[in-house]
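We begin with a single chain expressed as structure tokens, specifically the form predicted on its own.
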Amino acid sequence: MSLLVHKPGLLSTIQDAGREGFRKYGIPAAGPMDVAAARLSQSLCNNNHNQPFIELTLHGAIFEFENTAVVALTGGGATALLNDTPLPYFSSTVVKAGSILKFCPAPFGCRTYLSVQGGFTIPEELGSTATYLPGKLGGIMGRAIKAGDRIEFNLKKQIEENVTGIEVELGNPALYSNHVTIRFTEGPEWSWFSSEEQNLFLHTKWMIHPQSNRMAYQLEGNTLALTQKKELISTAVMPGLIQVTPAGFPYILMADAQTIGGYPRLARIKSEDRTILAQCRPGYQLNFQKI
């Protein structure tokens, strides 16, 4: 009982709720970029939140269901076609054996979450199946999903083919617009920047750079200068922090972010707004609002 990968798309990885308790050893939690969407996909399949699922970035993936399964898609960034018929997001659906699921371009969003009832059979590493690509840890041999992979279902009982779909939806503005507002609080080194530089950060229309990834989003728009030259001893960092490099470029740390860093921490993204960021693709414009 498995899912056969014909094409993996731009980037598809096995994730779960994340790997906790290892940051002190330099190992990030990883897990989903869009936590809310991932949790919803699991709930629609009656899974617990720590069972393995697939996170897909944008479009291009093609999967074949070698057995019947109950599936749910949440998030965005692609239009799903099941046997060339649109498959709705935010709904649980019975997919018959032999069906082909394709992900085609969509105007908004960035990441789709594919859960199957019972989850996938993936061995745990350090208590989790979450893929951490920089460390080659978790998932399928620590790598992204590739063509030819067969990902086994972890089904404990026969699928009932008369399951009724359940529809739910999340209100994520990044799924409907490429210009979003992100809320933040001051970071530990906010005061290292003059009021002029702080206002520049607030009033710039920032754009997500094409080289952004699961570790960090690089922002384009302006450069930010420190009031005076200071050096920060490497200290703890975590997803949601905005650091500023010596060249003045802001970076938003994301799910695979390193555990320590030496750049000034300008701001902290409001935790709920990290789900908005997760659905922002390169080229999206961001405005920041201080709270």
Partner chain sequence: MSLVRVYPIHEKVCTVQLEKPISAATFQEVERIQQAILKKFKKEITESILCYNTATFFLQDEKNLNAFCMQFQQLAIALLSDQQLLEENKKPTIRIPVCYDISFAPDLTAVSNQLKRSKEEIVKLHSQPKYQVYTIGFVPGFPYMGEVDARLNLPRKTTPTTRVAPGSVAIAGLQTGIYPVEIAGGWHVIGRTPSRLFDKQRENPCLLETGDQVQFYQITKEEFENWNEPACT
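Computed from a prediction, not measured in an experiment: that's the story for all the values here. Residue numbers count along the first chain shown, from 1.
The next section is about a form of this same protein that is not shown, the form predicted in complex with its partner chain.
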Given a 4.5 Å cut-off on heavy atoms, tell me which of 236-244, 40-48, 54-62, 220-228 is the interface stretch with its partner chain in the predicted complex. 236-244
Is it true that G21, K24 and T259 each have at least one non-hydrogen atom within 4.5 Å of its partner chain in the predicted complex? yes
To verify the annotation, which of these, F201, Y132, F103, Y113, has a non-hydrogen atom within 4.5 Å of its partner chain in the predicted complex? Y132
Determine whether any heavy atom of P188 comes within 4.5 Å of a heavy atom of its partner chain in the predicted complex, and answer yes or no. yes
Look up in the predicted complex whether E125 has a non-hydrogen atom within 4.5 angstroms of its partner chain, and give yes or no. yes
Since only the chain is shown here, I'm wondering whether R268 would be in contact with its partner chain in the predicted complex (any heavy atom pair within 4.5 Å). yes
Using a 4.5 angstroms cut-off on non-hydrogen atoms, would K146 count as touching its partner chain in the predicted complex? no
